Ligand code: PEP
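We begin with a single chain expressed as structure tokens, specifically the form predicted alone.
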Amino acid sequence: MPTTAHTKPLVLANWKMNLSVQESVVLARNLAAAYSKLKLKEHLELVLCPTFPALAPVAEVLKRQSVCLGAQDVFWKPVGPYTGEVSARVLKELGVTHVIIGHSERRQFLKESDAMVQQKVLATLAEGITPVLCVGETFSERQTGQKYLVIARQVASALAGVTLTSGLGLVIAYEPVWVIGSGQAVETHEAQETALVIRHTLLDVFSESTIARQVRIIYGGSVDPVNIGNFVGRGLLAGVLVGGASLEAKRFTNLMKKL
């Protein structure tokens, strides 16, 4: 049973801290051109997620395109003395439609807690922006049989107090921490099983009809042009979150052409 009423798969490119502002602009321009020329918008929805400094110039590139703009993080307060942070209100002003929240790299290196992730989800939805909630287990959690408990906890904690009113959307990206950047994705059946666990957890928060209309479950973690078909269009999975394979226009275009 699919978890979304959307007919086209969602593809998000997370460029992380890999590109300069000018490199981000050039890549966005090339991808937008390919997206239009190859009529990819008929087959998929594309979101590009550059660094904060590159958001405004990339937004300028995309403003007459069908490609959406995403951010890699957000702070949970709309305004205030929070040095170095960026609010959902400012992101919306720049044209951001999606925000990656709770990525394992932020949980690991910046010690983001489940409580912080939950506040970011609420702040993002308050501005009408779609959160892309990342969940996933570490290798040690997997080895000790805690995988599904960890993922269910992350989903439930992040969505505590969340209401998806009409017009709001939510994306949940299953990203097993141990495969990110490794070049080795999980097997299709495991991604499907994990998506089912996520969906069952969602049923404790939202109605089936809300999940069907407003929530997408996607996969992320070493997605590339070779394995993309293992994840998109497979039952519960409604798209992918792509890291390294999105950093080069030709390779990423080849990935999208497989959909």
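Computed from a prediction, not measured in an experiment: that's the story for all the values here. Note that residue numbering follows the sequence shown and begins at 1.
Absent from the display: the form predicted in complex with the ligand. The rest refers to it.
Colleague: Even though the ligand is not shown here, does V242 get within 4.5 Å of it in the predicted complex, heavy atoms only?
Modeller: So V242 counts as contacting the ligand.
Colleague: Find out whether any non-hydrogen atom of E105 is located within 4.5 angstroms of the ligand in the predicted complex, and reply yes or no.
Modeller: Judged by the heavy-atom cut-off of 4.5 Å, E105 is in contact with the ligand in the predicted complex.
Colleague: Against the ligand in the predicted complex, would G128 count as a contact residue? Criterion: heavy atoms within 4.5 Å.
Modeller: Looking in the predicted complex, residue contacts with the ligand do not include G128, since no heavy atom lies within 4.5 Å.
Colleague: Taking heavy atoms only, is G220 within 4.5 angstroms of the ligand in the predicted complex?
Modeller: Yes.
Colleague: Given the stretches 78-86, 173-181, 158-166, 109-117, which is the single one in contact with the ligand in the predicted complex, using a heavy atom cutoff of 4.5 Å?
Modeller: Heavy atoms within 4.5 Å of the ligand in the predicted complex occur in 173-181.
Colleague: Only counting heavy atoms and a 4.5 Å limit, does any residue of 14-31 reach the ligand in the predicted complex, and if so which ones?
Modeller: Result: N14, K16.
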